[in-house]
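Consider the single chain below, provided in structure tokens and representing the form predicted on its own.
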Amino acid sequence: MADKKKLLRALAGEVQDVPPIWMMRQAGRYLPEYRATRAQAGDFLSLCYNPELAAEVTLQPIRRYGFDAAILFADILLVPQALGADLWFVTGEGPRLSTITQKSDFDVLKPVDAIHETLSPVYETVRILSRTLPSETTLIGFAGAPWTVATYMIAGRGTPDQGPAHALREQETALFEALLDRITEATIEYLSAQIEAGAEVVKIFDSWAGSLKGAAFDKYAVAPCRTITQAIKDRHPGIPVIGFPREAGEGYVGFAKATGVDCVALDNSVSPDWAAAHVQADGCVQGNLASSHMVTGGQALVDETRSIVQAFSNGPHIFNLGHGITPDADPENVQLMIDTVRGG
């Protein structure tokens, strides 16, 4: 029963003695079974677009650890690919895309209603997971936030400071905002289709929100998240939304009220005590153990995990990392973290 699922109870505002737990990138390269399945798929994108294998890697950490939620295995850059951008991955370096730097680049993008043809295998993955996950496990769908996705589409790759996107935002504002609007519309359609396929929660990842400051943060991180969240809630009443404006700092304060999200995910650059006072006051928070603890383990992992659980114990909380688990993490440290959360 949905009302018995720990994650959904937290998102509804319930304070629980033991918080639900899952991990960003919990299906990933730190697991030997993931590496075996990816090798079977041939490459990363082939794995994303193979519903049976994508479902398998989504299920692997659930089988191994019994997390309270599974998050769909996909990538935030599938949306730009569905809009017509070229996308490929360079081994050891990450994604590469064709760039949007002038109006003629934008003009060749596909209309929003064309994305489902490319993304239909992702929806099939969700349907498989909806049928096969344990009854107590919540299924999370996700997408990248428009600003973060735009930074990759403009630069053609990840950058240290999102400089190309900031330059386009300042110099070609109309083009930049048209791109952001297109991504926003596509994201609404993509998340809505995931929900129709069986996702019970959706999360909006704004990995580079922290590089937006002041009014730019409000206009290009808060406002698109509000637009997406409102559209999802209009179409799918009762579906919770998690927002993750990573490294927002003071921007975390009031983010839930400003956007309508049901939960704010926190990175580990903010202290749990500060976040409990200033962010959790508005509702559910998620986070925020440093992912480095999954590499180093030991008593420091146990102590920090306990500290986070204690700090957030007076309000609704979902235990998670402050960022995705890294490929060099030790699977035994993940188990130690879970045992500490659940057993004290």
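The first residue of the sequence shown is number 1, and the count goes up from there. Computed from a prediction, not measured in an experiment: that's the story for all the values here.
The form predicted together with a small molecule exists for this protein as well; it is not shown, and the discussion that follows is about that form.
This chain is displayed without the small molecule, yet in the model of the complex the stretch 32-40 from 298-306, 311-319, 281-289, 32-40 comes within 4.5 Å of it by heavy atoms. When contacts are judged by a 4.5 Å heavy atom cut-off, Ala74 counts as touching the small molecule in the model of the complex. When the small molecule is considered in the model of the complex, Pro95 lines it closely, a heavy atom lying within 4.5 Å. Among heavy atoms of Arg25, some come within 4.5 Å of the small molecule in the model of the complex. The shortest heavy atom separation between Phe176 and the small molecule in the model of the complex exceeds 4.5 Å. Although the partner is absent from the chain shown here, Phe44, Phe89 and Phe205 each have a heavy atom within 4.5 Å of the small molecule in the model of the complex.
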